[in-house]
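The form predicted on its own is given below as one chain in structure tokens.
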Amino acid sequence: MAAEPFDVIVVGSGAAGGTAAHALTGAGARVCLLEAGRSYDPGRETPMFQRTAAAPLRDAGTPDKPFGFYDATVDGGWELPEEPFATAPGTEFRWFRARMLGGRTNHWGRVALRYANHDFKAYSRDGLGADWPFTYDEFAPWYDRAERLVGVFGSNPGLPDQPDSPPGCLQPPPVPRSHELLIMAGGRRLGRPVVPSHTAVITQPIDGRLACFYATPCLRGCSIRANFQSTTVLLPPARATGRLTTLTHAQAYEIEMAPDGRARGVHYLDRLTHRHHFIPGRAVMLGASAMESVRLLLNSRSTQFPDGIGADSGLLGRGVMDSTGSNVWGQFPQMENLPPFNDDGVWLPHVYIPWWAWPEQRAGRLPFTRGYHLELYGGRLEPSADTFDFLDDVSPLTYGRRLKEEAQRYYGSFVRLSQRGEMIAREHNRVQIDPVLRDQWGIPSLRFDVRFSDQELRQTAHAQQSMAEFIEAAGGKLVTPLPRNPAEAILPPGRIIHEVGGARTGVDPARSVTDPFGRVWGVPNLYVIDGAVFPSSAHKNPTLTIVAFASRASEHLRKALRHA
């Protein structure tokens, strides 16, 4: 450990923390990175060529491995016995944690969409939630940097809900597969766009990274560095500078303040030895994931901040959001009894359905005010335990030889459409420190009080109908009927693992927790750089915006350190 304080202490090693470590060490700063989980090396640990049939339970999910035996997440999930959390009566929030170096970047879905200007300024349009403190044009250069750094394939279809990227930012998208071509045909019949997805997987080599050659489901991690992970793209260059110190199993639990109102450093607990340690630093950046960063602020109480650092406005912990999510499955007779053929590709959607009804919504002709997009999954991927989940719906009560024949007949003919929509930030959707509950190490735990409103339910009803229309327009048929009540279709908050908010950024200290660069109001050397700063969530997966915001905040801190 260094004798002198580090220039920056970064808490968290995923999209936000990894970006900060990469940017700051590259600019000459000495960085100490605190990661609550264990070390992880995708180059050694990714089961690149392991067959699904060789996995326990044929790679079906279990409580400790909800996404299957080969999923990259280690020591994580929604339910961690040693790290409980509470929920208010009548709520069902799910809090996913990945306790490993690189965090969720090791297994995320890698959809990397830019927010549009109407996403940054949604409050100005409908009066719900809060605006971001900058416009799309002001933030766009940071998206450019993020796309080049991460490596994103996609296209520029010129749609109002999907800003185009400048030349050199996007890699060529892979060609659509057979099931995707069907949905594209359905979109043409409906007059709705189906376009190449923006996905954080490279299709051309860059910076020593190999292009994807379709060997492995992306959620396993990637030893060839084709997909974006902090552990393969951000941390190795930071480590190569010689200015990065990484501490794993280091659970940060309190930020210590100096009498002059500046952050002095971070207290952490070694999860293996249960020993307490203190790391001093000239500045602190929180990128531990949205709810973990909020917990750290709430638990950092003192005479200066009796309710937690950043709680002066009363907004710390408020405005928590997740993406809305629901699914509709279709079965396509056109895909039955096909001979074996190569339908390989990235193990993620090559195309998606952007929000097409933005003009109609802006004119007030829809019963909800924020949008959604649709992702599609299916095709002739390697069979696993859930490949034939709906076989009994189309061929009930079969067994023996007949069951095998039906499995061959229907293999590859099921397609899932998934809604990903915007949840509006409301102050009553919040997290607090539970007055009683503690984790295994004695650190106070969070209590969630987060629920969907009628806005999200009406949006889900619209999405369910839209997904059914796409399937039918493409020549498919619904596997199961749509529920009459959208509350039966919508997945509970937290289930999509896009939780953001709780320490919103803004221009007014009375209406936000951080300034436009993520700096906590009144604490000039303490930054929040992950999804906690989001004043609104859009319907787009948050990771690309987190990387862009963390990069922007790191540049702001770099200049501040230079002039300190």
Partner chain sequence: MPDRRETLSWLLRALALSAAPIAGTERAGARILRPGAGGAPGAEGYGRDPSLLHPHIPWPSILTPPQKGAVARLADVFLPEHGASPAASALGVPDFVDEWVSAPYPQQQRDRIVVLQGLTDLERDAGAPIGELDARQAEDLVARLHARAAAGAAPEGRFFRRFRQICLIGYYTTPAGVAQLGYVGYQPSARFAGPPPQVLAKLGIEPGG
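All of these numbers come straight from a predicted model, not from anything done at the bench. Numbering follows the first chain given and starts at 1.
What follows is about the form predicted together with its partner chain, which we do not show.
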| query | finding |
| --- | --- |
| In the model of the complex, the one of D164, D75, D312, D144 near its partner chain [non-hydrogen atom within 4.5 angstroms] | D75 |
| Residue among E138, E427, E336, D270 with a heavy atom within 4.5 Å of its partner chain in the model of the complex | E336 |
| Region of this chain that lies against its partner chain in the model of the complex, out of 527 to 535, 38 to 46, 25 to 33, 510 to 518 [heavy atom, 4.5 Å] | 38 to 46 |
| Y123, R458 and R552 each touching its partner chain in the model of the complex (heavy atom, 4.5 Å) | no |
| 4.5 angstroms heavy atom contact with its partner chain in the model of the complex for W356 | no |
| Non-hydrogen atom contact D307 with its partner chain in the model of the complex at 4.5 angstroms | no |
| Partner contact for L491 in the model of the complex: its partner chain, 4.5 angstroms, heavy atom | yes |
| is_contact(G522, its partner chain) in the model of the complex, heavy atom dist at most 4.5 Å | no |
| Heavy atom within 4.5 Å of its partner chain in the model of the complex - qualifying residues of 467 to 505 | L491, R495, I496, I497, H498 |
